[in-house]
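Before any questions on binding or motion, here is one chain by itself as structure tokens, the form predicted alone.
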């Protein structure tokens, strides 16, 4: 990865979901998560129109930039560019990686969802900066997500040279099961943002990650 970030930023990767958050505003939820140690934030907005998505991205970019935490935009390369976000995360049905890289350049992060080894290798060779693998423990945030295995996660993480992030139903009771998998971090949604104390939830997860997993 020849951009300004190193793999440590992926340790505790917050993915937003305003339908689950315990805080009154998304900005409040994200700030509390960062207070607890979240190292990177992905803004995922499936229900907002483009103007609302952009405005939210700009607001979070200002908040996170002050804290030195990168902002990744889910799916939308145009929003990432318009809001001057730090990168974008692409699913298998989103804009192709090559076209996203051409638009975003090398200075921004591009992550790719790759649930199989072949897709992970393809993403790495295509210039992805990290790979997301899931859904490791199932998920309630994506109705079409298929459950993956820790064994498959480990095979991917030990094969590719770029960071691999586990996602899918990860929380404080199961995150230690990822020990030895070779991942660079864990992406968490409800295990952080739905908790009554978002800061404490983030801190607990990061402590387990650093002491048992990474």
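Residue numbers count along the first chain shown, from 1. None of the values given here were measured: they were computed from a predicted structure.
Heads up, the form predicted in complex with another copy of the chain isn't pictured, but that's what we're talking about next.
J.: Counting heavy atoms only and using a 4.5 Å cut-off, do 125, 158 and 178 all touch another copy of the chain in the model of the complex?
T.: Result no, not one residue of the spot touches another copy of the chain.
J.: Should residue 129 be classed as touching another copy of the chain in the model of the complex when contacts are defined as heavy atoms within 4.5 Å?
T.: Residue 129: no, not in contact with another copy of the chain in the model of the complex.
J.: Using a 4.5 Å heavy atom cut-off, state whether residue 79 contacts another copy of the chain in the model of the complex.
T.: It does: once another copy of the chain is placed as it appears in the model of the complex, residue 79 has a heavy atom within 4.5 Å of it.
J.: Would residue 102 count as touching another copy of the chain in the model of the complex under a 4.5 Å heavy atom rule?
T.: Yes, contact at 4.5 Å.
J.: Wondering, does residue 138 line up within 4.5 Å of another copy of the chain in the model of the complex on heavy atoms?
T.: It does not: once another copy of the chain is placed as it appears in the model of the complex, residue 138 has no heavy atom within 4.5 Å of it.
J.: Which one of these stretches, 183-191, 62-70, 167-175, 42-50, sits within 4.5 Å of another copy of the chain in the model of the complex when only heavy atoms are counted?
T.: The contacting stretch here is 42-50.
J.: Taking only heavy atoms into account, state which residues of 90-118 are within 4.5 Å of another copy of the chain in the model of the complex, ordered by sequence.
T.: 91, 92, 93, 94, 95, 96, 99, 102, 103 sit within 4.5 Å of the partner.
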